[in-house]
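Only one chain is shown below, in structure tokens, and it's the form predicted on its own.
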Amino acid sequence: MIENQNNIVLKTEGLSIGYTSKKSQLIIQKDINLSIKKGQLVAILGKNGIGKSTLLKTLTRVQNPLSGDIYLNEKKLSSFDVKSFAKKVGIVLTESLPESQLTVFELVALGRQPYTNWVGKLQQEDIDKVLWALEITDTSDLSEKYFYELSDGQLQRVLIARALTQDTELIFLDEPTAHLDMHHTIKIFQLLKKLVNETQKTIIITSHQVNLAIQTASQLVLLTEEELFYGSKEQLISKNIFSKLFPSEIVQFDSNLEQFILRKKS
């Protein structure tokens, strides 16, 4: 069956990712061929150092690919200018915010920069977008607080609100639950799934929360030492792909429970 290309929002062809120095290239993953449809929550999974963040940063132009091509709506990613790219792709990285006296409302409103004039004056449409983003992320009651007064869980929801205010087709999040406890981790995953269902945006995340991602994401990208695998939970389980993700002497994937469990000692 021929795939409907109209639904493909992000595609890679022969993509290699990694780092370059004056003398050599360090290839982390190569020959990556992905076709990601609109309106999906996609989780990039794999052990530490396997290339999750490198892939995300390459897909968002934070760093350059070593080779291959990336397409956004069938247009090469490299062909977008800065302003048009900012209207298509929102990014939430793990870096700390610089010190400032911004309120939550002002921080979220920064997402409108691709649309405001050079002095950054908000029009009513911009204000409406900010208010909507605060409401859908359940952060409206925080709008007058300074962002540095927030807990890690609250701040993560505010940063998601800022990305929503940017009004892009795609939103990328690098380890959105890295510093959160279990309760707030689950809340973030629930929020991301809700946003995909209600807005039909495509959200792509990296995560160490493997079991939670398996249960929540529409599609999964699994990075292993040998190759990259992509598909739904059901597709990957049927091909026994999850067994390739982590060292088998420590954990094992239980296909009935659809999660990783500690391997029992014999």
Partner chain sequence: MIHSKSYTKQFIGLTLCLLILSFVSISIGSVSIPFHEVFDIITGNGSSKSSWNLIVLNFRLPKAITAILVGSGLSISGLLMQTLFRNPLAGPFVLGISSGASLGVALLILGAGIFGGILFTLSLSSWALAAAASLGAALVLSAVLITANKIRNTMSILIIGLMFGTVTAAIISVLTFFSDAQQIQQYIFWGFGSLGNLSWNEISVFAAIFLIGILCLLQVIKPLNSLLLGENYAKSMGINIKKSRNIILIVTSLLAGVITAFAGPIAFIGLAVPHITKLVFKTSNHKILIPAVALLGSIILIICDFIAQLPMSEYTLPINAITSLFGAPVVIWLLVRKKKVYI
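This one's a predicted model, so the numbers in the text were calculated from it and none came from an experiment. Residue numbers count along the first chain shown, from 1.
Only in words, not in the display: the form predicted together with the partner chain, which the text now covers.
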Notebook entry, point to check: From the list L34, V62, I28, I237, which entry has a heavy atom within 4.5 Å of the partner chain in the predicted complex?
Noted result: V62
Notebook entry, point to check: Can you pick the one in E135, E74, E144, D181 that has a heavy atom within 4.5 Å of the partner chain in the predicted complex?
Noted result: E144
Margin query: I8, S53 and L66 - do all three of these have some heavy atom no more than 4.5 Å from the partner chain in the predicted complex?
Written below: no
Margin query: Would you classify Q154 as touching the partner chain in the predicted complex, given a 4.5 Å non-hydrogen atom cut-off?
Written below: no
Notebook entry, point to check: Is there a heavy atom of K129 no more than 4.5 Å from a heavy atom of the partner chain in the predicted complex?
Noted result: no
Note to self: How about L191 - does it come within 4.5 Å of the partner chain in the predicted complex, if we only consider non-hydrogen atoms?
What the structure shows: no
Next item on the list: Although the partner chain is absent from this view, report whether L159 comes within 4.5 Å of it in the predicted complex, heavy atoms only.
Entry: yes
Notebook entry, point to check: Is any part of 85-100 within 4.5 angstroms of the partner chain in the predicted complex by a non-hydrogen atom, and which residues would that be?
Noted result: A86, V89, I91, V92, L93, E95, L97, P98, E99, S100
